[in-house]
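Only one chain comes next, encoded as structure tokens, the form predicted on its own.
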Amino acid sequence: MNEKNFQLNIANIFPPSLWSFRNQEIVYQDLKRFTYLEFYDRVRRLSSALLKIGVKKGDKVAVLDWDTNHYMESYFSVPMIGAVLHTVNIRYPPEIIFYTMQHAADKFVIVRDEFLPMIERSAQLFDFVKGWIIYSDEKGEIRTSLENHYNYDEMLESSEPIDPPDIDENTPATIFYTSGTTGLPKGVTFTHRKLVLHAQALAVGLSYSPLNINEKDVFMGLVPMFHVHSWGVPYLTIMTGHKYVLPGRYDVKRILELIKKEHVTFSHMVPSILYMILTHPEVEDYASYLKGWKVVIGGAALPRGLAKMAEKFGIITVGAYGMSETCPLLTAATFTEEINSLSKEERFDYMISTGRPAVLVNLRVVDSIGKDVPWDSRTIGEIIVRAPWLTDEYYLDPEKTEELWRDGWLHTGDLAVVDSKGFIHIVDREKDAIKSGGEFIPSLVLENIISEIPEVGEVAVVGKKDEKWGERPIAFITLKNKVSKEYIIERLMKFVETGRIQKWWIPDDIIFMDNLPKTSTNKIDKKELKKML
């Protein structure tokens, strides 16, 4: 390798960060607290320990854990020695966890002790695993029936920190599996270069967002670390020198306590997590600590009603968009002077939109023949993209890869319109689109409107087969206060009168539920709702 060619690898994130932010903190619940300098020492010790037990370049190292300092350390240690980090979705059923680990051919596994019983019950199936690296928050000996096991903390204590090799930036760094809404989950891989460029783009995007992120902000991610690199924020955090708080397993009361105790000012999450926080029985006790909290919502559309609920607490919410295959950042609600000059209510609508393409993202919204749609807020097209951090393939699946990358563009399957200012508004997933009488009913737009009804908690709209119209919309709703179906329809008619929706969009039926089913990444699971119909 030519030494003059500086590599965009994960190890090279650290030197400038340690120069300026060596005393900044990484905090795990109320259990552990490290400075960046101490964290980097642990990262290099783990790299050393992994090499010592036989991890080689290209080996897959899986992690089964909640959002802990151990997970954060593995985000850096594993790729820094040329191995590939597999962030296993622990919310999958056991058989799917096994499938993804076998498909990835994981050689070593870092596992929290509470997941050991699941593994031990089927230990004979994991014959492809060479070693199990186990840790516990509890002190004392870790007992397991697994062979070839190691104690994580003992490994670090007995290892000297190493200087990381200068890994080629095009070396694979991570693999994880999509949420598998159709068929088995599919693997996606990302190189060091992709992850570093993605983190830089995040930093640029936040600097132009209405959140006004600055050096005083304290970060706490509320996206599970197995989910799309926790949207890249752990890498971004080290790059920009912010205090980072790790909540472990998500518990709303603990999250509220951490916001209070650690003075958290910035988080990112899916809508359902924000809804759980805002509807917690004790949330009013923490209202003063939530004021000014800056929140990025992704993974699913940010409902206007939820954003308004957050606004009452003084929480600032903005929308962003991406997907597993895209690392994930594609768009964010970034503002220019033109948007800043609008009224507060007009700016609010732009804040909760899908936003505009992030730096280095070449994005198009195209019709069925591949022609760009006009910026008229009406013409629906599919979002297709190119960017330097998109996955190159579905792992070991050339057929699905070819389908994903048709004509040299990554096809998202998301349907959207573009307004006159170039802001994108997703109206549906292609697979969720409701086609009634030959015309699309944009389910996300309809959900957004329904969410504004004060008594509505969460909402999902899906299509039900209809002999006359092909499909008709059905709304599944949770309630904050009890009302009738007729009341919901009556409120929707008022939106028809103001021209915000068309009368034929009104759902044929409204089904009240105590809770809406969620996917493993806490998004509303429309596939399960469709099964109910």
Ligand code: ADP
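Keep in mind that this is a model prediction, so the values were computed, not measured. Note that residue numbering begins at 1 and tracks the sequence as displayed.
Same protein, other form: the form predicted in complex with adenosine-5'-diphosphate, not shown, and the subject of what follows.
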| property | result |
| --- | --- |
| Residue among Pro247, Gly322, Gly82, Pro442 with a heavy atom within 4.5 Å of adenosine-5'-diphosphate in the model of the complex | Gly322 |
| Proximity to adenosine-5'-diphosphate in the model of the complex, single hit among His280, Lys243, His103, Arg429 (heavy atom within 4.5 Å) | Arg429 |
| Which of 251 to 259, 148 to 156, 71 to 79, 322 to 330 sits within 4.5 Å of adenosine-5'-diphosphate in the model of the complex, heavy atom basis | 322 to 330 |
| Heavy atom of Gly298 within 4.5 Å of adenosine-5'-diphosphate in the model of the complex | yes |
| Touches adenosine-5'-diphosphate in the model of the complex: Lys294 (any heavy atom, 4.5 Å) | no |
| Ser179, heavy atom within 4.5 angstroms of adenosine-5'-diphosphate in the model of the complex | yes |
| Distance check, Lys523 to adenosine-5'-diphosphate in the model of the complex, heavy atom within 4.5 Å | yes |
| Residues in 139 to 165 with any heavy atom within 4.5 Å of adenosine-5'-diphosphate in the model of the complex | none |
